[in-house]
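The form predicted on its own is given below as one chain in C-alpha cells.
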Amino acid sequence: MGTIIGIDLGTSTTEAAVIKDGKPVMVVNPDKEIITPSAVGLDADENFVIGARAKAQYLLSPEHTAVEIKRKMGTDDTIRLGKRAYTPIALSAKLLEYVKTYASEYLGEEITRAVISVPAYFDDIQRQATVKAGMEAGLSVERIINEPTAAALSYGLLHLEEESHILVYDLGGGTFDVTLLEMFDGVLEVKASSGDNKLGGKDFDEKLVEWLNEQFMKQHGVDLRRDRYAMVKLKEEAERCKIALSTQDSFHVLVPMITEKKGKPLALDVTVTAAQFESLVEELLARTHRPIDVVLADSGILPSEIDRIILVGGSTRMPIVSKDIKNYLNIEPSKAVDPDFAVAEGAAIQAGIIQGSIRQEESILMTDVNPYTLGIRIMDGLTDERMSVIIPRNVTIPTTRSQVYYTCMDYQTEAHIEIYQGESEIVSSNHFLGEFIIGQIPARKSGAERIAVEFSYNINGMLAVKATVLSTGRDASVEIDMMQETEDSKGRIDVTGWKESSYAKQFRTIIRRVERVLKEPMTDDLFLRGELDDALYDLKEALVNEDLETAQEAEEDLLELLEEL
C-alpha cells in the first residue's frame, strides 16, 4: 500500500517523519533542513513558492505571502495573495503538497498516505478542514492524531515498560494544548485534554511588537502599525528578540531604516531585557493555567500524582515557560523529547503502527478522548436554545451513549435533530456539526412518544448519530465523518453577492424556487436535499465569478433534482 509518513502541520513550521528500522526518522526538505516554515506565497510570475522561499519573500512582499494559515483553519475566512483570494484549506493543501513532494524525493518512492497531527483542542470542523487539505494535496489521510498524544507516543516508544502519569504541555506557534496521559503495560491512555486555539508563540511575539511600537512612538511620534512593510520588519525583529532572550539577559533591537518621516529615514533602536519580556507576557503565561486545571479536574489526577511533564512545541524553549510551570505545579519539566520534532515523530509512529512497520511487541496501544462536549438542541419548556449533553468532554473513545427524549408538541409527526459541539448550555453558542429529520412519528399528544438519540464516537473522532422512535422502531441517522467531505470542509466562498452579477436576472427565478424548496421539511430524501443545496451553491458561485457556462450547467442540475423531488 506504500509508506505512510507522519506530518506535523504547524502554525509556524511544518515537519515530516517516517519509520525506518522501527524508529522515527525526520525527513529532510530540498533546503537540507528538517524544519519547513509554514509560509505560502506567489512570486512575480504568480507561481507558488513554499517554505523558506515564501518566508523570505514575506519581508519584501507581504501582500503576496501567507503565514500563520493554521489559525484560520475551519473558518470561512479567505486569505488574499495579490489579486487572488484563497481558503485556508487551499493554502494548507499547497504546503502539504510540498511536503508530499520532498518526502517522495527523500524516500525514493511516491508518497500518497499520511498521518497528520492537529491540536487536541481542534474541533471537528477544524479537523475536517485539515483532512480536506490533505486530500487536495493528493494524500490519503489515514489518521488525524492529536499533537500532545503524538508527542507522548514519541516518548512512550522508548519507555514501554514505564508506568506513569504524563502531562504534555504543548505550546506551538499558534495553539496551546495540555493533555494528561497514563502509561502502563505498553498502553498509552489519554485521560483528559484541554487548550486554547488562540494562544501560541506568535502571541508572545505580538506583545513584543506592541511594546517596541510604543517605544518607537515615544521617540519619533510615528505609529508603525500604519506601515505594512514596517510591521513585517518589526514582527521579524520581535521573533529574533524572543529567541535571543531564551539564552541571554538582553537583546539590542536595531533596524537602521524601518520607516521614514517627512522624507527622512527613522531607525528602531531599543534594548529589551529578559525581565521586561517576562513582564510583558505574564498575562499569556497565566492563560495556560486554566487548561491545566481543567485537565487535572476532568482526569481526577492531583499534581502530586504527575510523574513527568513533557514540553512540546518550539515556544516551550523560552525559559519563562519552564519557570512558570515549575512555579504553578511544583514539578520540574522534563527534556525527554525534542520539542520541535516530537509531534512529527509521534505521527510517524502512529503511521508505523497502521502500516505494520513497527512490530506488535514494540508497539503501543493508544486510547484517546473527545476534547469537547457533544449534544443536541432541545426544548425545555422555556426555550429551544438548550444544549442537551449526550457525550461529555474528555470521555475515552471509542464510546456509545444515548438519551431518551419526548415529543414537545401535540400530534408531532417528525423531529428535527441538530447536533452541536461545545461547552455552553446555550446551543447557538456552540459549533453546529450536522442535522437530520426523524419522521413517521405516531401523531399523539405532547410527551406521549419517546425518541432515543444515540451518539457513537470512534477513535478517529468520527461521530455517528441515530434517532429511533421507540414505539415503532422507525429510525434515521447521520454520520459526521472527518474523513469525508462535509459542507464545512468544502472551502466555500461567500456567494451572497450573486445578485450583483450581470447574469443574475437570467437565473433569479430558479434560485428563488430552490430556496423555497430548501425551506420546506424534506424527510424522505435528505441526500437529495444536500445535492440540491450543493447545486444551488455552484450556481451562485458561478454568478459571482461571471461564469455563464458553469451557471447554465448548475441550472440544468437543479432542474433535474427538482424533477426528481
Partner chain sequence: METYYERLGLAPGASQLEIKKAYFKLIRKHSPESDPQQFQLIREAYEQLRRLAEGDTEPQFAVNPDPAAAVFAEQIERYRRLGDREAFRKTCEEAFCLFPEDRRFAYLLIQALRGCGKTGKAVKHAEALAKKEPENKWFVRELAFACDERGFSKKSFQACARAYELGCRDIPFMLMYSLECNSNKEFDRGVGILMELLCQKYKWNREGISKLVEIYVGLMSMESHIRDTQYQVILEHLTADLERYGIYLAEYVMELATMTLHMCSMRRYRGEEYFRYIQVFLRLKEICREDAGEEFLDLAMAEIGFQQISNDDRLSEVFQYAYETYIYSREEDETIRKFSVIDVQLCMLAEREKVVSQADIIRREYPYLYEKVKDFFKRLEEGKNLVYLKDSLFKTYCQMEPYISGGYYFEKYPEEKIRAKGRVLHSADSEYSYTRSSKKIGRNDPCPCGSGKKYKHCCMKKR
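A quick note: this is a predicted structure, and the numbers were derived from the prediction, not measured. Numbering follows the first chain given and starts at 1. What we label the rigid core is the largest C-alpha set whose atoms superpose within 1.5 Å from one form to the other.
This protein has a second form, the form predicted in complex with the partner chain, left out of what is shown; the following refers to that one.
Figure note: of the listed segments 393 to 401, 236 to 244, 254 to 262, 81 to 89, the one touching the partner chain in the predicted complex, with heavy atoms no more than 4.5 Å away, is 393 to 401.
A residue is said to contact a partner when one of its heavy atoms sits within 4.5 Å of a partner heavy atom; R143 meets this definition for the partner chain in the predicted complex. Remark: D185 counts among the residues lining the partner chain in the predicted complex, judged by a heavy atom distance of 4.5 Å or less. Among heavy atoms of P303, some come within 4.5 Å of the partner chain in the predicted complex. The closest non-hydrogen atom of K207 lies beyond 4.5 Å of the partner chain in the predicted complex. The three residues Y328, Q350 and R450 all sit with a heavy atom within 4.5 Å of the partner chain in the predicted complex. This chain is displayed alone, yet in the predicted complex one of I426, A464, A275, I459 has a heavy atom within 4.5 Å of the partner chain; that residue is I459. The single contact residue among D324, E418, D203, D298, judged by any heavy atom lying within 4.5 Å of the partner chain in the predicted complex, is D298. Core-superposed comparison between the shown form and the other one: the Cα of N197 travels less than 2 Å. Here A448 counts as shifted, since its C-alpha moves by at least 2 Å between the shown form and the other one after the core is aligned.
Superposition of the core reveals a Cα shift of less than 2 Å for S279 between the shown form and the other one.
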